[in-house]
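First structure 1, then structure 2: two forms of the same chain, each alone, as structure tokens.
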Structure 1
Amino acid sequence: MDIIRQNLGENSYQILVDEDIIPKAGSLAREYLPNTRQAFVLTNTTVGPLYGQKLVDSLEKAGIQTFIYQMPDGEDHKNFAVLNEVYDALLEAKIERQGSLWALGGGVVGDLGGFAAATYLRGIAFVQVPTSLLAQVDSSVGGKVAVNHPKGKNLIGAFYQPSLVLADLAALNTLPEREWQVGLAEIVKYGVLAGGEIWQLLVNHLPLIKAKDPDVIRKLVVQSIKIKADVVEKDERESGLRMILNLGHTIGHGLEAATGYKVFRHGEAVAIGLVGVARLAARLGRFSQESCQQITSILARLGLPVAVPQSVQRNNLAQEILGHLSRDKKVQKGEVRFVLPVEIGKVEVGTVPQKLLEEIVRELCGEAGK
């Protein structure tokens, strides 16, 4: 078992990565959450039938009174209506302040479940049990929880650290191919951010990654978590350094919002966003064209989109994306701030000329020259 400690003072916690960790959840709860007597398992209609009962059985075997609630699957359900249904279920189960909420699933369950845990009875213990590659390497670590607003993604949220994270590598075996790919997009992001070992794994072992070699995937998951945990330790509340974790996300979030969260998985939008910021940096003369092409090639070889597919292109899509960018959380004094790569393993945060931004977004949407 790989154990990664997220050092945040009184908010510190352990991230445990291993095969078949869900059946051990009860004993791990006794070890890491000795005071909990109730567990509310929040999952979705896809993951629940696969792993819900395993988690419930393990917790109950450890003497923890356990309830389970399944929310609908999909990003478009990360909203206030579903959040209120979760509050209703927590109240109906009579979960007390010494209880805990266990988010079993991907990023949507983790984000919404974390926000519910942060606000129910002014905060109860929160455990992340991510079952998707994307959630294991990204959203389950760092304590950013949120729901979406019609005007943008994750606009209503909080910083609320989990008490424990259990990343079960065996759960990845049931992921559809598309869900594998979207998780790999975030791993490529970490490779660009950190360089070094994780970048070399991506560059030198693409065939093994595509074949889902367990040893390589484990290394990628652990390396990604360590990179994120290190950044979060230095800037828990995104006042400065942590913003670099948004590499590729600004354009990605705008694309998701402009398509109603119904067309792209998060990682697919991030992949297109990574290509966008690499081009921005290259056009500004701050990033080599060769590295820009290398990022694009790796993403494409992993089966990820590097531009908006022709089937999704439509009139004014670029303008709609730019409109969402203007409302992004990273806007300061009316200017959108971007995380830009300057070399593999090094990024900087800054603004870009509006005309260049519009040009790149139009290119990504197939509207260049129109």
Structure 2
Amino acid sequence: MDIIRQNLGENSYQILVDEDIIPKAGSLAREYLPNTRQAFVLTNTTVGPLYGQKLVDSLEKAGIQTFIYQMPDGEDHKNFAVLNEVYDALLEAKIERQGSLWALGGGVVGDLGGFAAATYLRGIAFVQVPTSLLAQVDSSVGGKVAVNHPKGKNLIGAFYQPSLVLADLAALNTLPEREWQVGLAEIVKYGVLAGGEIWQLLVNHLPLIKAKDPDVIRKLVVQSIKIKADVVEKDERESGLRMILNLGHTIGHGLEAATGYKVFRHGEAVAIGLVGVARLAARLGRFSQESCQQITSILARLGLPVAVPQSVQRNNLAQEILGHLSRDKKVQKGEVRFVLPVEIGKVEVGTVPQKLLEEIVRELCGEAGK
């Protein structure tokens, strides 16, 4: 088992990564959450039938009174209506202050479950059991929890750290191919951010990664969590440094918004966004052309898009993305701030000339020279 400690003073917790960790949840709960007598497992209609019973059995065997609740699957359900149903179910189950909420699923279940745990009875213990690659390497670590508002994604939320994270590598075996790619895009992001071992794995072991070699996947997951936990440790509430985790996300979010969140999975938009910032930095003479090529080639070989596919191209897409960028949260004094790679393993935050930004976004949208 790999154990990563997220050091955050009294909010510190452990992230445990292993194959078949779900069946050990009960004994781990005894060890890490000795006071918990009740567990409320929140999952969804896809993950619940696969792993719900295993988690419930393990917790009950450890003498913990356990309830399970399945929410519908999908980002569309990360909303107030479902949150209210979860509160109702928590009350119905008579979960008390000493109880715990276990989020078994991808980032949607984790984000909504975390917000429910943060607010129910002013906060009960929260355990993340991430089952998607994205949730294991990204959303289950760092304590950002939220639901969507009709006006935007993740607008209603909190910082609420879990008490424990159990990442079961065996659960990834049932993950659909496209969800693997979404997670891999974030892993490439960590590779560019941190360089070192994770980057070497991406450069040297792509065939093993594509074949989902268990040893290589474990290393990628553990390295990614370490990188994220390290950044979160230095800046828990995103007052500065934590922003670097948004590498590739500014253009990515613009693209997701301009396509109504219907065309690209988040990681696919991030892949295109990563190519965008690498090109921006390269054109500014701050990043090598070779590294820019290398990032593009790794993403492409992983099956991720590195530009807007022809079938999605349309008039004014670039203009709409640029419009979203200028309304983005990260705009300061009218200029969009970007996380830019300067070498593999090193990024800087800064603004870029508007004309260059427009040029690159047009290129990504297949509108160059039009």
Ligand SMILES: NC(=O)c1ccc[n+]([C@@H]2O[C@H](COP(=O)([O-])OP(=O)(O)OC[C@H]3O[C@@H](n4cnc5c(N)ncnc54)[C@H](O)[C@@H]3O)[C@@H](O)[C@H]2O)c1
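Take the two forms, find the largest set of C-alpha atoms that superpose within 1.5 Å, and that set is the rigid core. Structure 1's sequence is the ruler for residue numbers, which start at 1. Everything numeric in this text was worked out from a predicted model, so none of it was measured.
Shown as structure 1 is the form predicted alone, with the alternative form given as structure 2. When the structures are compared between structures 1 and 2, the hinge, where C-alphas stop matching one rigid part best and start matching the other, is found at 177 among 310, 177, 34, 151. Interdomain rotation between structures 1 and 2 (smaller rigid part relative to larger, C-alpha based, rounded to whole degrees) is 10°. Here residue 315 exhibits a Cα shift of 4.8 Å between structures 1 and 2, evaluated on the superposed rigid core.
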